[in-house]
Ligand code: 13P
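Below you will find one chain, with nothing else, as structure tokens; this is the form predicted on its own, and questions on how it binds or moves follow later.
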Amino acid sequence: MSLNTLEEIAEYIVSDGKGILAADESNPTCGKRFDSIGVESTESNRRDYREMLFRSSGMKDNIGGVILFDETIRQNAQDGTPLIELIKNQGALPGIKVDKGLAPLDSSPEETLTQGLDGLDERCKEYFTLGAKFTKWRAVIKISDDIPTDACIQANMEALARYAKIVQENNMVPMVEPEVLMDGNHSIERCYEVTSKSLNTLFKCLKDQGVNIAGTILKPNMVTSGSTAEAQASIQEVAEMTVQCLKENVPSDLPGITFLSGGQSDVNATAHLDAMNKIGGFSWKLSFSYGRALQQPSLKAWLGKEENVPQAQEALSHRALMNKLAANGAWNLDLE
């Protein structure tokens, strides 16, 4: 694969309905996932699990990029092959999470600001030499009656823009993730309002920093009802409001939008993506960057046992194919 420019890399990741496998869970998060299946979270178990995912046949043609955690980008498979080589052999590009997690915002302690700009340039230089082609930084926006504050949105979007500029200067594609959390009992209209404001602020900040939008990927939330809201919006309503929100706030020269699943069930995440692509009428590719919604069936099938590897790989391959079909607006529930 000779991909030389940021634009070529970004376009490749989302070409033909391909999306992203998010395998960048921190060790504590990975520990929680492993606890749910009774597997100890050791370095070798994490390696075996991710190697199993990366060797799944359904990676090929369906996955254009894989986001890794710092530990994983340095690991080798059991036979000594670097894990990033397994990813490249499947036709996907390796990426890396570069933020350093969340800290309380000084002016509003129940809100957070993502950390990690200190030393980011040096980290990017190393990750580039290790083979990373793209990076990810996640900002978190919570909704309740009195938040998010304007200060929280502004500070997080400025940090995302500064991060994106540093990454592009290091010849990698920045993935910007302004996640408006589903947690809460808010309406879909309230999620729309907060998501709209976050995206609008983000693209202003990216422009101010001189970020090349055509060499950037957006990883947003979908516009949904709060997870504990009594009235839950339908698949079609989520699709229509999300597409409308994006059309109002996202420039047309952005190559791809790869949604996070944000705690949705695996089938719902696929159904929402498919419904948006069936609406159509937008210039960017609408695809997926799912963690749990791609991995969960595989994790449940695996249970840490060698003999379960084929079923676990089949489970990941199935979800990857379903989401590729959804990214092309060609999925339906009967295919499940």
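Everything numeric here is computed off the predicted structure, so don't read it as measured data. From 1 onward, residues are counted along the sequence shown.
From this point on, the text means the form predicted together with 1,3-dihydroxyacetonephosphate (13P), which you will not see here.
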Notebook entry, point to check: in the predicted bound form, which of 22 to 30, 41 to 49, 303 to 311, 278 to 286 comes within 4.5 Å of 1,3-dihydroxyacetonephosphate (13P) (heavy atoms)?
Noted result: 22 to 30
Note to self: Just to confirm, with a 4.5 Å cut-off on non-hydrogen atoms, which of Leu113, Leu260, Val211, Leu246 contacts 1,3-dihydroxyacetonephosphate (13P) in the predicted bound form?
What the structure shows: Leu260
Next item on the list: Could you spot which one of Lys219, Lys133, Arg123, His186 gets a heavy atom to within 4.5 Å of 1,3-dihydroxyacetonephosphate (13P) in the predicted bound form?
Entry: Lys219
Note to self: in the predicted bound form, is there a heavy atom of 1,3-dihydroxyacetonephosphate (13P) that lies within 4.5 Å of any heavy atom of Phe54, even though the partner is absent here?
What the structure shows: no
Next item on the list: Tell me, yes or no, whether Arg292 is in contact with 1,3-dihydroxyacetonephosphate (13P) in the predicted bound form, where a contact means a heavy atom of each within 4.5 Å.
Entry: yes
Next item on the list: Examine Arg190 and determine whether its closest non-hydrogen atom to 1,3-dihydroxyacetonephosphate (13P) in the predicted bound form is within 4.5 angstroms.
Entry: no
Notebook entry, point to check: Which of the residues spanning 191 to 214 lie within 4.5 Å of 1,3-dihydroxyacetonephosphate (13P) in the predicted bound form, based on heavy atoms?
Noted result: none
